[in-house]
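Next up: a single chain in structure tokens, the form predicted alone.
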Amino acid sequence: MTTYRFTAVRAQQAPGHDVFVFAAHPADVLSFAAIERVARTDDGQLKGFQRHQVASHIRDIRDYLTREDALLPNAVIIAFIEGVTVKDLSDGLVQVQIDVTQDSRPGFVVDGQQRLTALSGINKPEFQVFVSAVICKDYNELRQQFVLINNTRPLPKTLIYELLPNVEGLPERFTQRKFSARIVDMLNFTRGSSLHGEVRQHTNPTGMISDTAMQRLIMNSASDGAIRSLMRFDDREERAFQLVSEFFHAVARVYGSAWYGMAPRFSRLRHGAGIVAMGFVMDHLHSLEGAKERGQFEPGLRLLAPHTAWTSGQWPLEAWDTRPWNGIQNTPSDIDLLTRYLVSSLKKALRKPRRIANG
């Protein structure tokens, strides 16, 4: 048997329950606490409670924790049913003794399994984590704690995305999102922007255009479109902002009645599907016509206008797929269909006047 002893701080909470916190090395935590993943026995009975590992999440945590300046202030939560004794040391301090036998670990990881798994693969022997522990009377109460602790409402995406431009040192997967979130901020809060006050964000709940749709437009363009050609410049954010703002100035001029003051449910031009699809129109006008300013975007948009049905009419998306104006939804397949239709119609419309001009 192995015995671990920690000096902990006890909090006074519900009568009859011990809740305390102490610092421990991750390897020791995994020695006295098990991660019981949810599964079914052969006869169909539920066992365990933890979700499966999320490899990408663990990789992100591990990438961050390998840094010298990495901090992990939030505690992992461990629940015990037995195998632990608590001795009062006065002044809110207790001595916690955890006895681990060869056959079993007395603790159960309630929250923090991804963090502990990430830490288990890192060579940082001095690194400790806070352990917040609770002693439950039985396994049912332990599961109850798991549900209650993990059922807290997650932060709204709009708030996370709005915070991103001002946060440094985030995992790689946030990089693209951070750039696009910064451009959306500039579009939404820069006076003179074509989208000033138009994008719905946590601090601008009255905006009508989806922030995630605008971010998708920018990420698509930065990956394979017009904004990609701007990424080599030091002032790429300003250039990207100007390009997108100029494009939507042109959109507003050409499609005025379908744009000004319209809620997404009344105009597919302001709907997430329309916003993302029009991003590809912007990229093609930039690529084919060299458009950068509103006056250069407008001729192409006017040629495209007869083929659109933003507020009425029908979309002849394919020979076998004609839909009413509001029949396009904000799904990947519908966005892809609308994009292909708009870009194809634009290319045909751009070729037509040139054929006439060339006789």
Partner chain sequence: MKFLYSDTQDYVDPGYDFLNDRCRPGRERYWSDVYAHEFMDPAPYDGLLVSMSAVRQAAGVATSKVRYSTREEQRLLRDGARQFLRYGGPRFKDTMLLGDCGAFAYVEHPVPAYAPEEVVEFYTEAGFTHGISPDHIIFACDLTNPSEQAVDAATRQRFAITLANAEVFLGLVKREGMPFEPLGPVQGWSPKSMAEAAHRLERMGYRYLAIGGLVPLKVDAIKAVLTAIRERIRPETEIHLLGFAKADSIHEFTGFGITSFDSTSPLIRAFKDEKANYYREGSDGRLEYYTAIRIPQATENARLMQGIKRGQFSAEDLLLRERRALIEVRAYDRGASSAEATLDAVMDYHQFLLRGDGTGAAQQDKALRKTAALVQRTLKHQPWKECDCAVCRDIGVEVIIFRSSNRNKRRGMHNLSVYHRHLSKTIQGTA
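What you see is a predicted model, and the numbers here were worked out from it, not measured in a lab. Residue numbers count along the first chain shown, from 1.
What follows is about the form predicted in complex with the partner chain, which we do not show.
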Using a 4.5 Å heavy atom cut-off, which of 190-198, 156-164, 223-231, 239-247 contacts the partner chain in the predicted bound form?
223-231
Partner-free chain; cross-checking the partner chain in the predicted bound form, the single residue of N150, S287, S104, T206 with a heavy atom within 4.5 Å is S287
Counting non-hydrogen atoms within 4.5 angstroms of the partner chain in the predicted bound form, say which of R216, H202, R253, K178 makes the cut.
R216
Check whether R10 has any heavy atom within 4.5 Å of a heavy atom of the partner chain in the predicted bound form, and answer yes or no.
no
Can you check whether H25 is within 4.5 Å of the partner chain in the predicted bound form, heavy atom basis?
no
Give a yes or no for F280: in the predicted bound form, does one of its heavy atoms lie within 4.5 Å of a heavy atom belonging to the partner chain?
yes
Tell me, yes or no, whether R37 is in contact with the partner chain in the predicted bound form, where a contact means a heavy atom of each within 4.5 Å.
yes
So which bits of 329-349 sit within 4.5 Å of the partner chain in the predicted bound form, heavy atoms only?
D336, T339, R340, V343, S344, K347, K348
